[in-house]
Ligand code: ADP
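Starting off, we have a lone chain in the form predicted alone, written out as structure tokens.
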Amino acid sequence: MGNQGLFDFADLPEWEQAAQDDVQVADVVFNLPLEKPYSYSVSDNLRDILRPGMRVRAPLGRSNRHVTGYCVGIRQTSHATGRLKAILEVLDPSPLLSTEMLQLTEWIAKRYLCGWGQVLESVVPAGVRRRSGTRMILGFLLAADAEQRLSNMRLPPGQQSVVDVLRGTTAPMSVPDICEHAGCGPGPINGLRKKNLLEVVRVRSELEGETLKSTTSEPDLQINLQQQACLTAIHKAIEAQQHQTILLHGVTGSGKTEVYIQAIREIVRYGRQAIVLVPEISLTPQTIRRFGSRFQSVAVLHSHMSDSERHWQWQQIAQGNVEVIVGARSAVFAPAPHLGLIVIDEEHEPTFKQESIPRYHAREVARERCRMENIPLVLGSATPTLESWLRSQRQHDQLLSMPDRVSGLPLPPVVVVDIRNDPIIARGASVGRALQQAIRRALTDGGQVILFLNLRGYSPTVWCRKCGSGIKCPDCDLTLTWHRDRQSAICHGCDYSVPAPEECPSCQNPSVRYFGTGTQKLEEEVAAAFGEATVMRMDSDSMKKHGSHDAALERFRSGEVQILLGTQMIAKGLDFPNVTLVGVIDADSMLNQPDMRAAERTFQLISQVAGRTGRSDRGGRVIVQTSCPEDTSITFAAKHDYLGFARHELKERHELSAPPFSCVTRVIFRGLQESQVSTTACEAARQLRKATHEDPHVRILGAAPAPIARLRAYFRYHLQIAAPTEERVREIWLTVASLFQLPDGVEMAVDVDPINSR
């Protein structure tokens, strides 16, 4: 959430008009919601040090408080206007960001309506800013008068060897380095120090990280005709050395990853680097294994790494020592100096959209970065977003199709089961009669089973039977979820936690009941029903430890676990040939959401989880439990008919002028006083309508309470700006924002192209 209401813009400096001669001026941005850089003079002692992309410390505001910012440009002028304040200190020995990355981050700030400094603070990892994994050590040089004094001295052999080594260097050397080159221990160094022949300085030493080099390289796999056709088209885009976005639409199991690998192989032959983005951290280990076995050097970037690990990888990438960079959303900013290709796998995943400032979408950032560097972008998915699909239909992007699985394997049959009349479900079970029978048959045949449920915890609803009210979080407009393993009712909005409530807080009656099924309850039910099988749960509650994703998937891959159940992290990208059954426990939990994209996400999740089976000659099947068997997203998913779903959904979106046929920006207001938040949001909506009343193509929706009207004790209201183009949305917002004043106590966040509507 933005904190614009807490920053006093009147506190910014007012420059007085004056003229100076021969001034070097640095443009600096800060981690604040400001649009334009601020100008500072560069003193003579910093002129040869400061470069764009470095961090600096500078005075800001009338109070002249010292604030860290980023230098984004340096210019020389003989007629600088204003009595400029001077930069106090340069914080980095070398630029953290290249010229190209500065241009990209400036684009992000404009595209997503936030401060340039806010983008830079997000792009550069904290471990890189702090130089994590480094330490200060003692370094040694010959003293300034050492040579003169040595002419009258006779040194022991060990000390003479140290002097000879130091005569050949101008940079300080550490004790281990001196000992290695001089062939001695530390004794001679200490002897020279006592004679004042050595100058001692403190230097920063980089600690060694994990090796990125692979000792083996497996050969490329044999590809089929449809893979070869797609690979040829990608090679043409690479050879053209021009930007081209390519949408690779391939059904699950069609061999998209092998196409990525062989396309990157071509890039590496040219001495260039590639970035591969995956949507889930759980997919990263599997992807690393695939790429690590085929390339000599692979780096990893994701949020579960320690600061020192991330810094080490960042350095190796920036030095050009890495062929392939694999990571989640933020890896799009990897400092690859010889970038030749970006691949986004499972491009439809909402996790590629960042939900905090800057609220960028990795797909659009990758598109712009590839455009700037004249390289191809490959988007891969079995269920592309409607935005990407429409661009390909309008021939803005190139469409490549792989409609068949490798080796001619068929897509698994999908059976939609109406559970409204299932007697087992009526008695409170989560796994219905048809799915129970299918699980038992799969286990008897030696197969493995994946069960998908997109609700974590034990029971999603804590409810009072007497007064009929749900027991909610005191700080959020959310019902508490019962987590049996922690014996607590927990809010999934703010992590508020209380012991199991013994009575209703509204009516003080002890008739508290737990309703619904989360992954914890499902795990208990499945383990009891299929005691002969080993059951494992994968969700954000069970996969908190470092390396837990990889360890869990390895247990399933090896056959130690027969039934894997979990949330979205098991629904995509995983390749287990022995899985012969996939069950979707409750398709309706995804469908019944206050979200324009609910149908699209339901189709995507069912299609993706269905693709986890039938990946070998053993075959497979999918059972989808639902109370809405006639819903179009479910019926199209059951037929594996993406084209039919896309036509149907795009028609409805077009009639509503909804994305991708319009551009939407959501503005969220929050504060501790509901009346103040409501008044502020309504006033913003009024001014927006006033500014756009003559434009029939612009719609202002709201202001209204957000779907989650209270979160973390803050009341929340929102509005939406919808216009034909992103440029028009930006123009409207900036016009009104320049006139609109946020009152104290109200904060505002601007979300361009929102994915999350809560």
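All residue numbers refer to positions in the sequence shown, first residue = 1. Just so we're clear, the structure is a prediction, and the values are computed from it rather than from any experiment.
The same protein also has a form predicted in complex with this ligand, omitted here; what follows describes it.
- Listed stretches are 251-259, 235-243, 555-563, 525-533; the contact stretch with this ligand in the predicted complex is 251-259, by a heavy atom cutoff of 4.5 Å.
- Using a 4.5 Å cutoff between non-hydrogen atoms, Arg290 counts as a contact of this ligand in the predicted complex.
- Contact annotation for Leu221: at least one heavy atom lies within 4.5 Å of this ligand in the predicted complex.
- A residue is said to contact a partner when one of its heavy atoms sits within 4.5 Å of a partner heavy atom; Gln227 meets this definition for this ligand in the predicted complex.
- In the predicted complex, at least one heavy atom of Val406 sits within 4.5 Å of a heavy atom of this ligand.
- Site annotation in the predicted complex: the residue of Asp477, Glu683, Asp575, Asp631 reaching within 4.5 Å of this ligand with a heavy atom is Asp575.
- The listed set Arg329, Arg670, Arg310, Arg615 contains one residue whose heavy atoms approach this ligand in the predicted complex to within 4.5 Å, identified as Arg615.
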